Ligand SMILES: C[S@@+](CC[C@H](N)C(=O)[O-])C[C@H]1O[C@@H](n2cnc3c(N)ncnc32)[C@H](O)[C@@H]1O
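In the form predicted on its own, a lone chain appears below as structure tokens.
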Amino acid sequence: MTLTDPRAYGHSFSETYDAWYSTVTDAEATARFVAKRCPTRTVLELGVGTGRLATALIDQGLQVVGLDASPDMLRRCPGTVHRVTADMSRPPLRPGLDATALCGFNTLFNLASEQSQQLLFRQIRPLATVLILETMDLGAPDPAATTESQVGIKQPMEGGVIVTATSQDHSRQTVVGRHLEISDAGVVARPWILRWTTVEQLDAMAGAAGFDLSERFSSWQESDTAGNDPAGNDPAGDDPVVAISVYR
């Protein structure tokens, strides 16, 4: 299985995903946010994975159709989710689903090329009246920058250590990495690749597919307490680390 195969991430991380990434985003705040913007009560979650966000959405009274290319991930997703094994950029669903589509924490970036990300927007437009994306705002790429490589300790584990090795290519907007679990039992390598996209690039791809930016926040909780700025600036005036983009 190649690194860019849509099934590859789940193959590498399904066993450890819930333990390692249970706090990467606030599932309950995400569900409240989506429920307020879901007129048909049907959510199409792109890259549903093990169903952590889907479970919170169901607790809000929503019906969830969960797409994931990884059978390994979907085997861990609860049966209350209508699970569909498919590349999220090529959903095998009929137009007119009239759903609110959700692509949570950087899942879009698992599509490792600009073409596949563009395809997702085009394929989702006939299925969804609302598209909600959560992405890290990593800033504009620098084509003149050299490739950067880093090695670090991600987290300790019982009887061993987890080492991360990454290589970042600014011209391609890609990061290739490996999580290495090193213990007395040996070494387990969990490879991954992502292609980051700036909010300006997101807006351009969304616009080309017929979506318009409606709202943008720097956290899921922000909409409960503050107004939004569709231009992408948070109330404090600082550039947000996270971009929650709502397209209609």
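Numbers for residues come from their place in the sequence shown, where the first is 1. Quick caveat: nothing in here was measured; it's all calculated off a predicted structure.
Absent from the display: the form predicted in complex with the named molecule. The rest refers to it.
Comment: 81 to 89 is the region of 125 to 133, 81 to 89, 168 to 176, 143 to 151 lying near the named molecule in the predicted bound form, near meaning a non-hydrogen atom within 4.5 Å. The named molecule in the predicted bound form is approached by residue 107, whose closest heavy atom lies within 4.5 angstroms of it.
Although the partner is absent here, residue 44 sits far enough away that none of its heavy atoms falls within 4.5 Å of the named molecule in the predicted bound form. The shortest heavy atom separation between residue 111 and the named molecule in the predicted bound form is within 4.5 Å.
When the named molecule is considered in the predicted bound form, residue 70 lines it closely, a heavy atom lying within 4.5 Å. For the options 64, 34, 53, 202, the residue carrying a heavy atom within 4.5 angstroms of the named molecule in the predicted bound form is 53. Shown here without the named molecule, the chain has no residue in 172 to 203 lying with a heavy atom within 4.5 Å of that partner in the predicted bound form.
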